[in-house]
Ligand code: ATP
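Okay, so here's just one chain, in structure tokens, the form predicted on its own.
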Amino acid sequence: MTQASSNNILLDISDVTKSYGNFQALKGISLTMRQGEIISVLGPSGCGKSTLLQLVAGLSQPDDGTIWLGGGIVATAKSLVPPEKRGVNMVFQDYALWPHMSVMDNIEYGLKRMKLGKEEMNARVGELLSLLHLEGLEKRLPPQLSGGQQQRVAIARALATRPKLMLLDEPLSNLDMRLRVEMRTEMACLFRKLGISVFHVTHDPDEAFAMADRLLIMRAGRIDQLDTPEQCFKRPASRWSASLMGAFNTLKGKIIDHTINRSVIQIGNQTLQGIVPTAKSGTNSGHGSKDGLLMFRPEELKPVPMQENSNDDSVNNQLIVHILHCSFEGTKWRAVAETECGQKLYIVHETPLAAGERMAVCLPLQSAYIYRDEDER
């Protein structure tokens, strides 16, 4: 990519690979990121998300491919621009604050290295103290601060030098649940208010949803899906993404009809319709059945009266289940159930469901994701 063709593109990663010995951590990663955009990289340990972050930061060098940032190429297999010359700052999982320096000194550290004038330095630091609610804590040392306060100081220090790109490496994983919810909301509001570009790595879907303009879902060194949080949630591109987006229920069956937008799957002696989140193939109608998987979220199932077939998809898309167990989880009840062909599933409901009961549950067509069993993407 050249500057002339980049327009609003801040970061361009093109066919990047990275291996450690015989282990290939990244397998041809390509993506672009716009100015002012927040991308959250989501995936479990070992999927390659931290390796990708290190390559963007300049802490590691790709084996192949190109990384372009702002003004030009910053990494290839033969050249590497060091981190301090990239105009990026990182907030680490453990905050990495200087323990012997006060809050003020930590925030000013990068500005002093830039030899910024005292008047402008004071203005920047004062603005950040206000934005991040750190007034009155200027003289405290990091060990005297709470986890949330330390996180705010780390963010203020990273923002002080006005980086082209902010990198966040599991920034909230050391906080308790209440502080994580509070901080992810505050961070999202702050970055959008300032128009900061953020590349954010996390294993927490809730954190990613709260922060991101786009989600980058990774699996085994590849990009599984890159889209808006809403699209990733409503149209998971693969079995892997569906599971990560909360579609924990997985029933095996036979796909007996398939078009580019919709499939019909047989589960035991029952048939259900579902969407095909990614249109990778044409029609398969009339060409025999294929092994398939029906995936859906536990909260999408609604108990309904057993009814005969009609023209209403919402009535037809039923499963007959036997309730095995039900437990209270604070704001809802979670039931373990079993289909008539012996496959287990979960139902989340507002009221308890009686163990031993045989009942019908309805699954909205748009919440039923059908994948061919051999599709791994």
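All residue numbers refer to positions in the sequence shown, first residue = 1. Keep in mind it's a predicted model, so treat the numbers as computed, not measured.
Keep in mind that the form predicted in complex with the ligand is missing from the display, and what follows is about it.
Visitor: Residue-level contact is defined here as any heavy atom of the residue lying within 4.5 Å of the ligand in the predicted complex; does Gly46 satisfy this criterion?
Guide: Judged by the heavy-atom cut-off of 4.5 Å, Gly46 is in contact with the ligand in the predicted complex.
Visitor: Would you check, heavy atoms only and a 4.5 Å threshold, whether Val16 touches the ligand in the predicted complex?
Guide: Because no heavy atom of Val16 falls inside 4.5 Å of the ligand in the predicted complex, the answer is no.
Visitor: Taking heavy atoms only, is Asn317 within 4.5 angstroms of the ligand in the predicted complex?
Guide: No, no contact at 4.5 Å.
Visitor: I'd like to check something about Ala25: if you look in the predicted complex, is any of its heavy atoms closer than or equal to 4.5 Å to a heavy atom of the ligand?
Guide: Ala25: contacts the ligand in the predicted complex.
Visitor: Among the candidate stretches 348 to 356, 50 to 58, 28 to 36, 334 to 342, which one is within 4.5 Å of the ligand in the predicted complex when only heavy atoms are counted?
Guide: Contact-bearing stretch, as computed: 50 to 58.
Visitor: From the list Arg297, His203, Arg124, Lys254, which entry has a heavy atom within 4.5 Å of the ligand in the predicted complex?
Guide: Going through each option in turn, the one that passes is His203.
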